[in-house]
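This document starts with one chain, in the form predicted alone, laid out as structure tokens.
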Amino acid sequence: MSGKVVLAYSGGLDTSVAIRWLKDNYDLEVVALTIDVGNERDFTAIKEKALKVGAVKAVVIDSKELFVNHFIFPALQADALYEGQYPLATALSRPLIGKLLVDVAREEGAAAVSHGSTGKGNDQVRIEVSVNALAPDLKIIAPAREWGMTREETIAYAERYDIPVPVTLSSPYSIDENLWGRSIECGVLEDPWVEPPEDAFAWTKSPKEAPDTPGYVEIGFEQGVPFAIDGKKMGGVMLIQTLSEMAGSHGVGRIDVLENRLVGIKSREIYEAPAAMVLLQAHQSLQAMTLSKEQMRFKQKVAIEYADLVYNGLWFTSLHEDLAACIQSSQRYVTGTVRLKLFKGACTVVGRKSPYSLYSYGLATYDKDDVFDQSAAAGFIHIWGLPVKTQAQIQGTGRLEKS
């Protein structure tokens, strides 16, 4: 095979080794595509390293705004938490990477695209299904799935060919990060009995080292999308970055889960997602104030389906379009402000207000301003319990009888 291949290049171990491996095994010219989703600060160094390792061209695309507005915030509106814990940071970036791989492949006249995902991970599915949906004619090459090297052997390969990588045998973490969160795997973390060492974390302080005084933050929402912190309006990227630093300084956002991977295995995953966890909690609290009971219950079901869809790499599907339409409709009145307390690793909602609040003080209070007609309760209970009373009179209560 000859020609060009566009490689999703992070600068990490697998993709750095992949540049040399693709040249040697496929005789392809490698165009290294690095996508800025808030994952690196020095993209000049990443670009230079790609060229040094052997790429014929290195492309960097700033996609932070696109990532926030078209992937993160829709997932926030959906309350997307995979298995109730993981805010899908890495998973959300993969369909975006798939789309940009296709775009650059078309621009470069490449017949193939490539990525650094292993055969045991979820990302291979997310990227490849996205590419197949958008450009089924492109060939997909997954070096880390083909070369058959262990992590130690991959590190040795890099050392043999003088490929600089930010991983050593003494610190073998595999890390992926973007604006929405940071994923940490491998090394001692593969033993689910071992407590994550502090050197695994970078965005959050240890709760015991966090300030002894709680921090408070107010987040403004418009139709389910956050737009202000403490009354100051700001764009989505800055809002997430600001909140990440603020919450992380109080130790908020550490997640340790044993999750079910799409490929059929359980995996111990460590995440840092300070901004995501705060925003999701704030958003859910505002929804509780502005959605009816029935809307909330159905929305919770949709949230589970949506999270599974994202985790399973089905972003570019008709099902996603259907769920997204339902979610957008549900957010029409999710507007207001939520106040949260950040303290020693905990995030707690301590206040919320909305011009569309369904909470009525007059109906809820037991004080002199009570407008609830308590005399109506007796009739309500009679009608509500009538089927139960009728069945009990005819068939009994259904309790076990003594023999």
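Position 1 is the first residue in the sequence shown; the rest follow in order. This structure is a prediction, so every number in the text was calculated from the model and none was measured.
Omitted from view is the form predicted in complex with a small molecule, to which the following refers.
Exactly one of the stretches 89-97, 202-210, 239-247, 329-337 approaches the small molecule in the predicted complex with heavy atoms within 4.5 Å, and it is 89-97. Between the options Asn122, Thr154, Gln77, Gln281, the residue in contact with the small molecule in the predicted complex by a heavy atom within 4.5 angstroms is Asn122. In summary, among the residues Ala110, Val217, Val102, Ile175, the only one with a non-hydrogen atom within 4.5 Å of the small molecule in the predicted complex is Ile175. Although the partner is absent here, Glu128 sits far enough away that none of its heavy atoms falls within 4.5 Å of the small molecule in the predicted complex. By the criterion of a heavy atom within 4.5 Å, Tyr311 is counted among the residues contacting the small molecule in the predicted complex. Although the partner is absent from this view, Ser183 contacts the small molecule in the predicted complex, with a non-hydrogen atom inside 4.5 angstroms. Taking the partner from the other structure, the small molecule in the predicted complex has no heavy atom within 4.5 Å of any heavy atom of Asp230.
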